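Just one chain is shown here, as structure tokens, and it is the form predicted on its own.
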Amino acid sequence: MTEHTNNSDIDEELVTDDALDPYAVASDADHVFWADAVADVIESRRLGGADNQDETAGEGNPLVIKGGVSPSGIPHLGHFNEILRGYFVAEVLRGRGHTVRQLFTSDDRDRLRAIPRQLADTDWNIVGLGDVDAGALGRNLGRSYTDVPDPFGVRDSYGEHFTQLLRESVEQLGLDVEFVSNTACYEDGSFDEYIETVLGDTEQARAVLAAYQDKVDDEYLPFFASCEECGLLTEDITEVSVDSQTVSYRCSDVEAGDDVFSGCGHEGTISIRDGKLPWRFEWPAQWALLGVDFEPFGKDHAEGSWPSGVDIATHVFGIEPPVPMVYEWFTLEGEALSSSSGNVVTVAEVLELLEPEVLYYFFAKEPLKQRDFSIERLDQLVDEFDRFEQLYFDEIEGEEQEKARANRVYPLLVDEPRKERIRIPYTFAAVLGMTDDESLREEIARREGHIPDDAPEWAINEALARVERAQTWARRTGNEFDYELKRSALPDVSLDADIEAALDELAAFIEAGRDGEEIQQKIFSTARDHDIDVSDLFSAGYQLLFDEEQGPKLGPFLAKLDKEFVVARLRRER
């Protein structure tokens, strides 16, 4: 466990320290990568400054980076805001010689507040509520996630099920993250000290919390008890005994946002290990228990829980808060990611569409800039990453700032920078995916110059693996590449002389080298010149390519295909 200052007389200036401004920590014009700026602040707070070369965090006292989430439903890409941003800071610190632990808390003693529209079973099959006992979930609203049965009847609880799925997602990305269960920490007594601190001086706890919550009055006791009869986490605490480590309660109705969870009315007394602290106290208690040095979080916490957390850490627990960093949530196809609404994409799904390093690149971007993760436009993200990689290897020219950023960040995205690595352009890979002939894919990629003659076998295999991902992308989105291109044999198409003449003219035009819009316009002008309906000319092209009457916008699509094939096919030669 990391050692932190534990002093109830911590200077008031700590609360207003710039190092505790979650919006300012990653902002440093002297660094091209935000994680370096964060690492500087961590070193300054913990070790006395980045220039202190004689002191590093070692095995016995590592730097601790944390994230956390309630296991409310399907683990999705949004959960990796904290995990991957924490990873980059951890890697920077390790590069400076420090030992680092990256932790992620499963806040599994929180209440189940809503039933998600979709769930994922142990094999990651996404199912609707009709495939599980939704009534059983409804009867458990208001109970801790670890007191709610696993809807699939495999794991010990709802909380354990979805925590395990998140752990699997982390493993899929090859990250070294240690998971910590809040419920386990309550049950084994790890939180006892902090619960006793809060309940042993309720006047101080109330005084601090009252600045952030209107409902705090002279009767308020900051603890939730798990009812022995119905399991509801009730807030109606009637008596506290710190000496015996017990609380007495009345199981009353609980208001949670717009919802009300009905209490059963039972009155009883339980151990403090059978309840939990409210979130505003629990979060700083986690910092104290785990010795947290840095924690990123969404801007929803920056405006609410973070200021109260700093105050509680300082004036209730007597510890220094960790270095914070706020990040903007990103959207999925323009809509908020949400386990409860079902607007999610999982890590496993994303890794079927792109390489892990491209996903890492997405999270390496500036944390405070809002972005959209669009599967429809995934080719743009991949192209952006490919350019970033080319900047690193000096294969293209770029501005000094972007080259400096590529030089700093790119090595953190890949296992090993290797100049021999090959990237087939994503949309061209999607074109190659329109045939299942693997040898033909490689032949075309070589012919178009995307695979050099001297490329090592590992690089070829990696490059062609992108074809499968791009093919999956095309099928998932139903885009212009979601067709079977008839490469191996010329479809049996009956064309009249005027159409054939128009196709020959179009082939000659393309053979000279043209872009997509030029080809599109040429299709229209050629139809006019030959006095044929333009729809008939488009139809002829689709029949020759796909043996279908319809297809994607033809001009830009033909420009993406290898020219030799297009010219030969339009001439009906092969």
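Please read all numbers here as calculations on a predicted model, not as lab measurements. Numbers for residues come from their place in the sequence shown, where the first is 1. Rigid core: the largest C-alpha set superposing within 1.5 Å between the two forms.
The same protein has a further form, the form predicted together with the RNA, not shown here; the description that follows concerns it.
Proximity of residue 215 to the RNA in the model of the complex falls within the 4.5 Å heavy atom cutoff. Proximity of residue 70 to the RNA in the model of the complex: non-hydrogen atoms within 4.5 Å are present. At a distance threshold of 4.5 angstroms between non-hydrogen atoms, residue 300 is in contact with the RNA in the model of the complex.
Taking the partner from the other structure, the RNA in the model of the complex has no heavy atom within 4.5 Å of any heavy atom of residue 318.
Residue heavy atoms within 4.5 Å of the RNA in the model of the complex occur in exactly one stretch of 461-469, 250-258, 341-349, 185-193, and that stretch is 250-258.
Only one of the listed residues (494, 244, 370, 439) places a non-hydrogen atom within 4.5 angstroms of the RNA in the model of the complex, and that residue is 370. With the partner omitted here, the residue from 150, 82, 110, 389 that has a non-hydrogen atom within 4.5 angstroms of the RNA in the model of the complex is 110. Contact with the RNA in the model of the complex, defined as a heavy atom within 4.5 Å, is made by all three of 305, 328 and 524. Contacts between 521-537 and the RNA, taken as any heavy atom within 4.5 Å in the model of the complex, involve 524, 533, 534, 535.
Relative to the superposed core, residue 70 shifts its CA atom by less than 2 Å between the shown form and the other one. With the core held fixed between the shown form and the other one, residue 499 has its Cα displaced by at least 2 Å. A movement of the C-alpha atom of residue 519 reaching 2 angstroms or beyond is seen between the shown form and the other one when the two forms are aligned on their rigid core.
Between residue 467 and residue 552, the Cα spacing is smaller in the model of the complex than in the shown form, differing by no less than 3 Å.
In the model of the complex, the Cα-Cα separation between residue 522 and residue 383 grows by 3 Å or more relative to the displayed conformation.
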